[in-house]
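Here we start with a single chain on its own, the form predicted on its own, put down as C-alpha cells.
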C-alpha cells in the first residue's frame, strides 16, 4: 500500500511525519508521490490556532472527489488536531477512516491494515512513548530534525499543547547521540534539536546545555540548531555553549509573547519582561553576532492599549531578525477558554497585529540589508525551488542566503558576498569554497525563506 502524508504546522509536525513514514516503511508500506497513486492519505495536523484547524477541515473537504473516484482510499487525520477534536472530528467529517493522536503512531500500520467500516479513533496518551527504536524516513540532504523531547509541563493559559501532546518526556541522551552519529554517517551535517521547551531537557546529570555541547562535538556535525527554548531556565551555561561552541548556530528563537508583566502573568508565562531582557542582554554580550527571533501574541484576554504599546515598543527596541506575530484566538481545552473572557474586539486585535507586522517587516529588512557589501559564511543546504542554478543555505546566524551555485555543492561551507537583501533573504555570489562537504544527494529542492516555524511556547 502507498501512503501520502501531508504535514501542517510547526517543525515538530515535520519531524513526526518523518517518524510516521518510518514506522509505516518498516511495516511494508511505501511512500506515494501524488494523490492519484495513494492508497492512504494522512493529514498530520496542527491545533495551535483556529485558522490552522479550519484550513485542515477545508483540505479534507477537497479530498472528497478522490474518495469517490477511489472507493478503497483511506483518509486519516493524525497529530495535534486529531487529539484536540477526537470523536468530534468524525462527526464533522464522516468520510475520515481513522484519527490518531501523537502517542498512537506505532499503531498506524495495524489500524490501516485492519480497516473497519466504522471510523477508528485512537487518541489516548502514553506517558512512556518516546518512539525509541523507530527510524524516521527523512529526505536525503544536509539537514535533519532530531526530536529530543515530547510533551510539555508548562501550563500557559492560551496553549493546548499539554492537552494534545501530554506531559514532558525526554529521550535518553545516549539514544540522541547515537541517532546523530547515524545521521552523520548518512551524510547529514546540520542537526536541529527539537523540543516543546527544549532547554528544559534533563536526562540524569545531562541538561540541555551539556547535550548541546555533546552533539556539537560529534565528528561530522557542521552546525547544530535548536528550537524552541522557554525563557524560564535559559541558563548562563547554555548561553556559554552557544557563544563558545563553533558548531552551534549563533541564533536563538526566544518566544516573548508579551512585554507586559500583567499579560505575562495572565498567560502564566512564569517570567517577567525584565527577566527576558536580561537573557537577551547576556546573549548579545557573550555572543555579539547572535541573531534572535521571537513569537508575539496580541489581543490576549484583558490586553489594554498600554499593554499592547509595551509589546510594540519591545519589538522596536529588541530588533529581532524576524518574528512570528499572531492575534490571539481562543482554543477549547485551554485554561483561558475555560476561565477567561476573550474580551478584545476582533477589529482591535487585527489593528494591533497589522501595526506590529509592519514594524517587524521594516526592522527585518534593515537587519538583512545591513549585510549588503559584507562577506558571510554559509553552509549550502540545497537548491532554489525557483531556479536550480541557485544554491540555498544559511549563515552561522541562520539567515537564508541564495547565490549562483557554481562549484558549490550541498554540505559545503562557502563564503558569499552579499549584494542585496529582502526582509527574509540575503542574495549574493560565492567568492570561495571554505570547506568541502560530502555532497549528499538532494531529493527535494528547498524553499527560500525562514525554515523554523512558530511554536506555542
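Residue numbers count along the first chain shown, from 1. It should be emphasised that the depicted structure is a prediction, and the values quoted were computed from it without experimental measurement.
Not on display, but discussed next: the form predicted in complex with ligand 5AD.
- With the partner removed from view, the residue among 104, 192, 329, 361 that has a non-hydrogen atom within 4.5 Å of ligand 5AD in the predicted complex turns out to be 329.
- Of the residues given (77, 321, 148, 297), 297 alone sits with a heavy atom within 4.5 Å of ligand 5AD in the predicted complex.
- Although the partner is absent from this view, residue 212 stays clear of ligand 5AD in the predicted complex, with no non-hydrogen atom inside 4.5 angstroms.
- Heavy atoms of residue 158 reach within 4.5 Å of ligand 5AD in the predicted complex, making it an interface residue.
- A residue is said to contact a partner when one of its heavy atoms sits within 4.5 Å of a partner heavy atom; residue 48 meets this definition for ligand 5AD in the predicted complex.
- Residue contact with ligand 5AD in the predicted complex: residue 257 places a heavy atom within 4.5 Å of it.
- For ligand 5AD in the predicted complex, the listed stretch (365 to 373, 303 to 311, 329 to 337, 204 to 212) containing residues with heavy atoms inside 4.5 Å is 329 to 337.
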